[in-house]
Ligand SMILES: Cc1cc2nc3c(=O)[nH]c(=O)nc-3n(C[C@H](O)[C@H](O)[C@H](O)COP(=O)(O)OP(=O)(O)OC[C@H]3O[C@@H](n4cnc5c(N)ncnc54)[C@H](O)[C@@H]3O)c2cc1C
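A single chain comes next, written as structure tokens; it is the form predicted on its own.
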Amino acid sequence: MSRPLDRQSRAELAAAVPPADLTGFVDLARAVSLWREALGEDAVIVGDGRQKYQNDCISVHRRVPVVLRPDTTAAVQRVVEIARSCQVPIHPISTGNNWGYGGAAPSKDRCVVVDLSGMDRVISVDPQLGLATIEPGVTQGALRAYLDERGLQFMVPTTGAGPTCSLVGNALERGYGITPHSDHFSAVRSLRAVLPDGSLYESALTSFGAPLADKGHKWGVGPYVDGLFSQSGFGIVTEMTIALAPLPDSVQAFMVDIEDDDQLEAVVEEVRDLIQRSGGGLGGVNLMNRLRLLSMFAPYPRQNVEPGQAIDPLMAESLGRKSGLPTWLGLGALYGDDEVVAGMRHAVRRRLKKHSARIRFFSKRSVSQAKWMVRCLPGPFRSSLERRVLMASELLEILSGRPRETALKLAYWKASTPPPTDRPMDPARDGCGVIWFAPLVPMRAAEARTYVNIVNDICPDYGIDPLITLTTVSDQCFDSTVPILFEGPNQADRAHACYDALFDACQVHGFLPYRMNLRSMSRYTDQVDSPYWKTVHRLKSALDPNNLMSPGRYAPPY
């Protein structure tokens, strides 16, 4: 039996948790008492430590009454059992660094956050099979350090979010990158999860005594149930096995300058054909417009832009030319032994040279030589080239499976404070405003042009700069990322209105996001007549009849 909270503890809880936060709870005080008994006092946070879990870059506030920090699967099971017996809703996070989609905040108000960042063990990495079994608190940077310490030549599935972000959380959100295993949930081989009743889920092969075969074969046997835990509130994943790509003999990046916007359609067709014919030697390809490039290479021109307005297209063109940036830039990676990469270089150059006056390939060796050459240049020419060479160096690191903060600087472009240099970047902590609009766009010329025109037309109406990236996520489809950057809460409403306008306009043409922020999730899940969401509802209500596990997360309300 639990020991009831004494008078002082109840007073502390009442002081730390406003009455409005308690609405709907059957017995939060009893739950807190039981959690303290199960986890220890330090793992149950009811005071000021809750603040960082309530806000994110998207300026949506969630009230979080309690934060729990279990450190084992057994502890997570006990957390869930107590939540169920006390009828308290809970919401798990891995590290909470889901910037631009909701961060650590739950989808609904007054959920207890279950912070799994303390579960940060790399359980094992099989050196022959390249299978890494990890807990949810393992970050890109932590896995990289683990591999380096043991001399294991595998690539971390990197993303633009950088070293401090969870691999498990990103895979469950179906994140992606441009390293060989670009679709990160596709690289998930098996998982273990705590279900809403506190029981432990494992696949059939593991249950029948074949855990290694289970980890090596994604689909197992019977219905594929592991997929239910991706983008859902069906359970809390406490362990995951992912396949790591081996580091090839040669990693090279290429950049293709596209000066004429009219060439975009032709380049889209060529990129699709290259990927379909590459046989795996070509990694993902990014196409970035000039404004997206400016956010990487130039400071925001604050003195020349009216507050609440977008950068004028003529100004963007002038700034781009001054910085030597093309209208569009294609960026990709080549992987394999020297002969394979040499062949792919020839194919890329042959297919794209008629659409670009400048195609550059670079490797670690050529970047090292460029660094030496830059040091020999006089001052006026050095700073700009140094910045470009540094970015090329960091890009190669990312493409080689070494996480960097290079892309994360984007979140700070319009922020009032620059990115920190003395600690890891954290856009939510530092007050950055960013909402990601991430629709899927078929990899055909006409669709790509229609989509780009929509973004260019709508964003400036809301004072948002149309920064566009098209990233290949398959042989047939781009995912586009448009960061809706804004300055502070005063501009948040316009930023969300821009998101809604983009969603509505793109939906007409079938360009819909693969991933939603917590404010906009209901745009999908409120479609109660949808056969898909009816099925999700039936599954969710069967596993979680009281809707206590991440209520509102990719599931219709009930």
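For every residue, the number given is its place in the sequence shown, counted from 1. In this text, all values refer to a predicted model and were calculated from it rather than measured experimentally.
Absent from the display: the form predicted in complex with the named molecule. The rest refers to it.
Candidate stretches 61-69, 31-39, 514-522, 488-496, one within 4.5 Å of the named molecule in the model of the complex by heavy atom
In short, 514-522.
From the list S203, S94, S480, T179, which entry has a heavy atom within 4.5 Å of the named molecule in the model of the complex?
Contact with the named molecule in the model of the complex is made by S94 alone.
To verify the annotation, which of these, P439, G175, G332, G401, has a non-hydrogen atom within 4.5 Å of the named molecule in the model of the complex?
Only one option qualifies, and that one is G175.
L274, G281 and V340: each with a heavy atom within 4.5 Å of the named molecule in the model of the complex?
No: none of L274, G281 and V340 comes within 4.5 Å of the named molecule in the model of the complex.
Using a 4.5 Å heavy atom cut-off, state whether V389 contacts the named molecule in the model of the complex.
No.
Flag W99 as yes or no: does it have a non-hydrogen atom within 4.5 angstroms of any non-hydrogen atom of the named molecule in the model of the complex?
Contact check for W99: yes, within 4.5 Å of the named molecule in the model of the complex.
Any non-hydrogen atom of P466 within 4.5 angstroms of the named molecule in the model of the complex
No, P466 is distant from the partner.
If you check in the model of the complex, is G160 within 4.5 Å of the named molecule, heavy atoms only?
Taking the distances in the model of the complex, the answer for G160 is yes, it comes within 4.5 Å of the named molecule.
Residues in 227-249 with any heavy atom within 4.5 Å of the named molecule in the model of the complex:
Heavy-atom contacts to the named molecule in the model of the complex: G235, I236, V237.
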